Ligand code: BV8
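To begin, one chain is listed below as structure tokens, in the form predicted alone.
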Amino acid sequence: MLHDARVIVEAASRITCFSGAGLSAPSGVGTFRDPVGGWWTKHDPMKLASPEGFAEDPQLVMDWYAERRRQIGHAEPNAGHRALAARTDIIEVTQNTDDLLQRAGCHDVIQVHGDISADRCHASCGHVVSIDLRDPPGLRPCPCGCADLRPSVVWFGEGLVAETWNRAEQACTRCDLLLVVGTGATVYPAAGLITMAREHGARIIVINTNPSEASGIADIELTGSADEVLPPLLA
């Protein structure tokens, strides 16, 4: 299977990687859906990752995000991140909000669900500020005075940023190979990018530890963690 997948990779001229939480999991970054230690086993996401939750208790939300940010800040890119970074011809589209692809050396990462290493105005005045993931700030007002600052991520019930989504669509509809790495392919509209790529003629290689919603449309599915499968696949 790995040999056949390598043949497809070597023949491709336009490759996009669509990644999810499973790419960063080997670095120790917790996922929402992991049944052991996952974020959804500890917290109600609708209270801590939604505009309603922030309105109800912004201090609790920011404390929770501080925990996640410190975890990411102390994590290191794994071999999967580095293998992708070594392939400068691959466009990165990710559901992950962490900065591990960037720290591995990827220069143009399309983060469809936002960037946890920045805060923005909750009232959308346009103010955005980078933060230190190892020492994240607490709840504080935006300089505009209209609202508090919040993580610059897309919460449940919020729409994706149009410009970012358009770039992601272009990357997935113009590729001739889509690598689907570490995602259950259940969160929409992002998961719809996989179907878009297929409809525009791309081959699909899925890399995941378990079968996913993308399994049925994969040309090849490689079972294993991203840090184990990506280096030999992309070497």
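When you see a residue number, it is the position in the sequence shown, counting from 1. Values in this document were obtained by computation on a predicted structure and should not be read as measured data.
Below: the form predicted together with the named molecule, not depicted.
message: Checking a candidate spot here: are Gly80, Leu177 and Leu234 all in contact with the named molecule in the predicted bound form (at least one heavy atom each within 4.5 Å)?
response: Answer is no for this spot.
message: So if I measure heavy atom distances to the named molecule in the predicted bound form, which of the stretches 80 to 88, 139 to 147, 94 to 102, 125 to 133 falls within 4.5 Å?
response: In the other structure, the partner sits against 94 to 102.
- prompt: Looking at the partner-bound form in the predicted bound form, is Thr173 within 4.5 Å of the named molecule by any heavy atom?
  reply: Thr173: no contact with the named molecule in the predicted bound form.
4.5 angstroms heavy atom contact with the named molecule in the predicted bound form for Thr195: Close contact is absent here: in the predicted bound form, Thr195 is far from the named molecule, nothing within 4.5 Å, heavy atoms only.
- prompt: Is there a heavy atom of Ala226 lying 4.5 Å or less from a heavy atom of the named molecule in the predicted bound form?
  reply: Although the named molecule is absent here, Ala226 would touch it in the predicted bound form, with heavy atoms inside 4.5 Å.
- prompt: With the cut-off set at 4.5 Å between non-hydrogen atoms, does Ala218 touch the named molecule in the predicted bound form?
  reply: Contact with the named molecule, no.
query: Listed by sequence position, which residues of 173 to 202 have a non-hydrogen atom within 4.5 angstroms of the named molecule in the predicted bound form?
result: Heavy-atom contacts within 4.5 Å come from Gly182, Thr183, Gly184, Ala185, Thr186, Val187, Tyr188, Pro189.
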